[in-house]
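Form predicted alone, single chain, as structure tokens, below.
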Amino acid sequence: MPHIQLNNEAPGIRSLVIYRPDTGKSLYELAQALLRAGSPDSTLADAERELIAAYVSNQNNTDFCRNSHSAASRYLFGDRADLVDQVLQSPETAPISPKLRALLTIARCVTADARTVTDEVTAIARAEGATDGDIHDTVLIAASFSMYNRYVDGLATLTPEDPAAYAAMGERMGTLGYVLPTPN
């Protein structure tokens, strides 16, 4: 049960965006910029961006965001969808590129304590092929999703338990991106 009266049945952040479209619009625009557009010099694919969002949400124990962004990442990875669960379970052994592994380390640092993103951590990412845009976007995705996670959990929004609900969300996010929901 949400901590405030949202007057809608939407799950997660969608309920908060419907409740406060004035702030929700900016939050959705930021998500679209980070998870679909990215920096001009970033080489991250949309599936990888969604995976970083899911990874941060997993680190923050935010079920709704972890499940919805995992579903979007799975949808975007297509026949490599199982990679998402492997990363969430063990990023150290998942079959991902060394560059993505280094970027996930940066995301983990930002999530735990952003001051732990050191020259050494970013140098490792660069040595593995990360661009400045990749590093920038990883830090901003991790910082933003830490905020999104706290927003969703802090107001105890509805978190569906049915995996099919997340599959539908993942397909919607994977095809439409982040468009403002309309109130029911």
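Position 1 is the first residue in the sequence shown; the rest follow in order. Not measured: the values here are computed from a predicted model.
Quick note: we don't show the form predicted together with another copy of the chain, though the next part is all about it.
Can you check whether residue 22 is within 4.5 Å of another copy of the chain in the model of the complex, heavy atom basis?
Yes, residue 22 is a contact residue.
Against another copy of the chain in the model of the complex, would residue 4 count as a contact residue? Criterion: heavy atoms within 4.5 Å.
So residue 4 counts as contacting another copy of the chain.
With a 4.5 Å heavy atom cut-off, would you call residue 43 a contact of another copy of the chain in the model of the complex?
Answer no; every heavy atom of residue 43 is more than 4.5 Å from another copy of the chain in the model of the complex.
Taking 4.5 angstroms as the cut-off for heavy atoms, does residue 52 touch another copy of the chain in the model of the complex?
Residue 52: no contact with another copy of the chain in the model of the complex.
Within 4.5 Å of another copy of the chain in the model of the complex, do we find a heavy atom from each of 81, 165 and 168?
Looking in the model of the complex, the three residues 81, 165 and 168 all stay beyond 4.5 Å of another copy of the chain (heavy atoms).
Counting any heavy atom within 4.5 Å as contact, can you tell me which stretch out of 110-118, 69-77, 82-90, 97-105 lines another copy of the chain in the model of the complex?
Result for this chain: 110-118.
What residues of 126-164, in sequence order, lie within 4.5 Å of another copy of the chain in the model of the complex by heavy atom?
Going through 126-164 in order - heavy atoms within 4.5 Å of another copy of the chain in the model of the complex - the hits are 126, 132, 133, 135, 136, 137, 139, 140, 143, 144, 146, 147, 150, 151, 153, 154, 155.
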